[in-house]
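Presented as structure tokens, the chain that follows is alone, the form predicted alone.
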Amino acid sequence: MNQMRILSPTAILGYGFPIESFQEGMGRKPDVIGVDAGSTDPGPYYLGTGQSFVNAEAVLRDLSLLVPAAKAAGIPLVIGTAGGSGAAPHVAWCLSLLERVVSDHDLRLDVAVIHGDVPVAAAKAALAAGRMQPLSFVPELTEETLDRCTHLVAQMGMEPLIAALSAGPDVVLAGRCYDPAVFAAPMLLRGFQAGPALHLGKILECAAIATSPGSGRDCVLGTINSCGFSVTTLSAERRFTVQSVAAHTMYEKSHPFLLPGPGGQLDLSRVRFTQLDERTVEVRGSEFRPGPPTVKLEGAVCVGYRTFCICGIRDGGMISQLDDIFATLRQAVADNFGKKTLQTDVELRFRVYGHNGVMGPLEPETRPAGHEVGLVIDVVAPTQKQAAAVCGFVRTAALHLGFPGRISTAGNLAFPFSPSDVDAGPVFEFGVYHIMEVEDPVSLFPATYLVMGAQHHSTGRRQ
């Protein structure tokens, strides 16, 4: 085949897309529809709890358009990192929504389900054998941390997806994936080179985010051939430009030219970008450097429970003394709950929006600029009860705290909500964020093949 067309409808399944753009894309007769359904960007909470960060009705809306269209066109729909984080409960959740679409549209689908969960025993064996390397700023990994993970997943590369696509399913529903692999795997199955396939996948995974103006909810089309690839928008409101595609090429990278992934790295040092027309850019020169087979492991561990309070401050004298006031409040917590509370048990943060609420200690502007600021009192403790107790104490102490130059004694803080304190539940962190060497990039990711909609029930076989 001289070329292959891949339709990317949206940056993440459930973010939505205009029907007009999608119909325009289907009119270009794509060979496959690919969509990324997750990310670690919203943090480890969703992996830890097994919940999706995208609303079920939003995902159902997108699937209700994508699945019937792909089935009618006779092309596969490939979904990666199902349910947001790609662990077993996320995949099951997304599969249940797919079943609703099958029922609502009276479809029959052959579905390949690929799980991304890693047995803790396998991770421990790799750790003991020295086949586990941490990414930057990750604490040393221990067996105890692995045992504490509520869910442990690995980013599968292209090989498990290629194996599943080889069976000819209507839909591939995969757990945690290396984002570009969802789009690159069908291209490799058709015989195209890994370099341009992965580079095109990196653009398509974010759909129209890489356009000008960018959007997370619009469709784009990628076309690969023997010379390279091109990307084009499907809405007259957007354009791919050399600048937008080149900028997105360097998106989420620690090196300007090298992008590591499962089994090697993408070398973009010789890439050339050419504007073909007002909405289309051609890319040539992408190369893939094979390496040892590896996967990135992600595991979430519960580190406590959060209670927070949102309030505002409009006293210029108080705003000018916030650092001293926070020190006084920390000392009050130590006096009331014990000196070791803030050292070993409780984490207390003050986030001042209008000062350093976004950047924290990295904020270059050291003085608040406005006449008012927003304050978030953020407490994480071993139990929800303890977090609520400390947050309530700090809020009350701050409300009535005296400070030099104070004029009003009615209260220092303004509260937009009542009740003012919110119990946010468990707090997770990435205890595992490591690269694991593997012998076989396929066997770690078992696939199940289902027939959905036949006689109104599903049957399955496992591979």
Partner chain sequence: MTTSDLNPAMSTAIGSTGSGTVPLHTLADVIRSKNSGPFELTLDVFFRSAEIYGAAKEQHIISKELIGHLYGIDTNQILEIVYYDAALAVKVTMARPASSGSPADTDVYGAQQHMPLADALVYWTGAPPEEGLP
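Positions refer to the first chain, counted from 1. In this text, all values refer to a predicted model and were calculated from it rather than measured experimentally.
Unshown form predicted together with its partner chain; subsequent notes refer to it.
Figure note: of the listed segments 111-119, 143-151, 350-358, 311-319, the one touching its partner chain in the predicted bound form, with heavy atoms no more than 4.5 Å away, is 350-358. For the three residues Arg289, Val442 and Phe445, a heavy atom within 4.5 Å of its partner chain turns up in the predicted bound form in no case.
Interface residue among Asp323, Asp335, Glu372, Glu252, judged by heavy atoms within 4.5 Å of its partner chain in the predicted bound form: Glu252.
Note on the partner interface in the predicted bound form: the residue among Leu268, Val281, Val390, Ala123 having a heavy atom within 4.5 angstroms of its partner chain is Leu268. The shortest heavy atom separation between Gln243 and its partner chain in the predicted bound form is within 4.5 Å. In the predicted bound form, its partner chain lies farther than 4.5 Å from every heavy atom of Gly405.
Using a 4.5 angstroms limit between non-hydrogen atoms, Glu57 is distant from its partner chain in the predicted bound form. Contact check for Arg306: a non-hydrogen atom falls within 4.5 Å of its partner chain in the predicted bound form. Contact residues in stretch 421-451 (any heavy atom within 4.5 Å of its partner chain, taken in the predicted bound form) are Val427, Phe428, Glu429, Phe430, Tyr433.
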